[in-house]
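Take a look at this one chain, the form predicted on its own, written out in structure tokens.
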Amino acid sequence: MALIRVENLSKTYITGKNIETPALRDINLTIDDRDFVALAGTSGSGKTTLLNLLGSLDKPSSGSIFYEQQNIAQLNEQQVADFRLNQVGFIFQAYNLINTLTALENVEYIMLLQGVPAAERLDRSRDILKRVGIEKYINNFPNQMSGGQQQRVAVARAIVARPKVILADEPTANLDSRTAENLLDLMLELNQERQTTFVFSTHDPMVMDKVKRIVKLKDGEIIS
């Protein structure tokens, strides 16, 4: 069953002196419920732009993005905020952790916004931090952790809120191969156990080996 349906999606950025720079051209794509799929392509292919549009972090220039029957391209700001809070988890290449919060507090934060009770937030956060192998660092702040450790906290934060879909932008970029494989196996396990849909943007062969499907982009278009 289709979870996400993209129809005739295009994105053009306007740069200095009103110069138009097309990032995506007439994208049509279906992502099924429980999918485990990678958007693959070289730098500049449009994969991160597409991922940002799927997560409503940016708005398309034209076209539609349906989550089930809801066109998220037409939502107002409050509806977009609610959609992102309750339906989508993000794993950013730049981590996007809150520097004034510990690892544990960063993981708890989304659940706090969701209104999850404190005891449940703590239990779920400790459990997921253990699963990503970072339980020793739960009281550390981001600047007290390595890049790989911060990325694992970012993965835990996305997973713990139990979203319907997780969008991951180059999630293995700052990890050693063993940690990357362990995290990918955890994501695959969650995909199978909890039916969480995962969409990656990547050029990592390890990710492409793990996913069920690869969507290849080049110059803003799907080529296969």
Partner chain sequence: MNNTFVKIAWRNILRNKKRSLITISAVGVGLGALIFIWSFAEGAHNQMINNYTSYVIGPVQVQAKGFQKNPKLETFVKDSPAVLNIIRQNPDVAAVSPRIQAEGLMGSSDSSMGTLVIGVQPQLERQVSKLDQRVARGQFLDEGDDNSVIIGKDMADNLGVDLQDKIVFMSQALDGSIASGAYYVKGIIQSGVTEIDKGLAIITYSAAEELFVMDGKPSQIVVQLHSASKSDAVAEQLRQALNNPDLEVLPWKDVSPVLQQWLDYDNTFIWIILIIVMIVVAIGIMNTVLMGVLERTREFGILIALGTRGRQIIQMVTYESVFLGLIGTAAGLIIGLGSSHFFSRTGIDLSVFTEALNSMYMESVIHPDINFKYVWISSGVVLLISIFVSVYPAWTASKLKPVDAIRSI
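Note that the rigid core is defined as the largest set of C-alphas that superpose within 1.5 Å between two forms. Quick caveat: nothing in here was measured; it's all calculated off a predicted structure. Positions refer to the first chain, counted from 1.
Beyond the structure shown, there is the form predicted in complex with its partner chain, which is absent from this document and is the topic of what follows.
Peer 1: Is Lys47 a contact residue for its partner chain in the model of the complex, using a 4.5 Å heavy atom cut-off?
Peer 2: No, no contact at 4.5 Å.
Peer 1: Is Asp58 close to its partner chain in the model of the complex, meaning a heavy atom pair under 4.5 Å apart or at it?
Peer 2: Heavy-atom contact with its partner chain at 4.5 Å: present for Asp58.
Peer 1: In the model of the complex, is there a heavy atom of its partner chain that lies within 4.5 Å of any heavy atom of Arg131, even though the partner is absent here?
Peer 2: Contact check for Arg131: no, nothing within 4.5 Å of its partner chain in the model of the complex.
Peer 1: Answer with yes or no whether Gln149 is in contact with its partner chain in the model of the complex, where contact means some heavy atom within 4.5 Å.
Peer 2: No - in the model of the complex, heavy atoms of Gln149 and its partner chain never come within 4.5 Å of each other.
Peer 1: With the distance limit set at 4.5 angstroms and only heavy atoms considered, check whether Arg124, Glu181 and Thr202 all reach its partner chain in the model of the complex.
Peer 2: Spot residues vs its partner chain: no contact at all.
Peer 1: Which of the residues spanning 28-55 lie within 4.5 Å of its partner chain in the model of the complex, based on heavy atoms?
Peer 2: Only Asn52 sits within 4.5 Å of the partner.
Peer 1: Would the C-alpha of Ser56 be classed as shifted by 2 Å or more between the shown form and the other one after rigid-core alignment?
Peer 2: No: Ser56 shifts by under 2 Å between the shown form and the other one.
Peer 1: With both forms fit on the core, has Ser45 moved 2 Å or more by CA between the shown form and the other one?
Peer 2: Shift at Ser45: below 2 Å after core fit.
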